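Shown here is one chain on its own, the form predicted alone, set out as structure tokens.
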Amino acid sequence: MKKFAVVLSGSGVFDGAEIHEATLSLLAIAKAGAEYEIFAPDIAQHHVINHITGEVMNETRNVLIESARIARGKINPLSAFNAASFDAILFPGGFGVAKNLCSMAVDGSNCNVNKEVEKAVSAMYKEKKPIGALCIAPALIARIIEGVKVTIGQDESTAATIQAMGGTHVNTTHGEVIEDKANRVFTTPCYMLDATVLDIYNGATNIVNAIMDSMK
């Protein structure tokens, strides 16, 4: 049975992991006949957003603890990740990717990547194992793997950031998956487009199935 590592960035689209993308990715992995373990870095969250008003709240939270909400408590700190134990790694989107896993939301193409995230991606890349990313997460991968081909849909600003980091962006629509065969990177746009939950289900299913097909 193939095993995925799923890396979360908190809980909630505006300051953490996008919950629909995370949950439907887990469902897609299970439906594909694979298994998963969930990870998140044990770090302070960049900030906390009121998801009703969009305002920044005067409180602090921890990315691992918040991600555990989605994982139902069954989660590991990303520092414990061992590439040898997994066949693929997958990053759901959400603004937490650009705020907690790296500093792209503030620093754009000059962003810094969390060291544990960079180490995990680099280890999988070195072992030529599939790397999947949804929504904004492909931009994170472009910061780590030089020259990678990815998609975040059609957002011109984010595509320009990817290009500035040395990546190649391909415009896509709902459910489409871009496979960079040379780098074994798989990406799909999800909520970077104006999407429904059905679109997210299709995108998550398609990317997981593409990764599974590549490992046959």
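Note that the structure is predicted; figures quoted are calculated from it, not measured. Residue indices: 1-based, along the sequence shown.
From this point on, the text means the form predicted in complex with another copy of the chain, which you will not see here.
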Residue (of L26, I43, V177, V170) lying close to another copy of the chain in the predicted bound form, criterion heavy atoms within 4.5 Å: L26
Another copy of the chain contact at R69 in the predicted bound form, heavy atom, 4.5 Å: yes
Proximity of L64 to another copy of the chain in the predicted bound form, heavy atoms at 4.5 Å: yes
Non-hydrogen atom contact A182 with another copy of the chain in the predicted bound form at 4.5 angstroms: no
Contact label in the predicted bound form: A159 to another copy of the chain, heavy atom within 4.5 Å: no
Three-residue site V56, F81 and G96 fully in contact with another copy of the chain in the predicted bound form at 4.5 Å by heavy atom: no
Interface segment, criterion being heavy atoms within 4.5 Å of another copy of the chain in the predicted bound form, picked from 105-113, 70-78, 140-148, 120-128: 70-78
In the predicted bound form, residues of 11-25 near another copy of the chain [heavy atom within 4.5 Å]: S11, G12, V13, F14, D15, E18, I19, H20, T23, L24
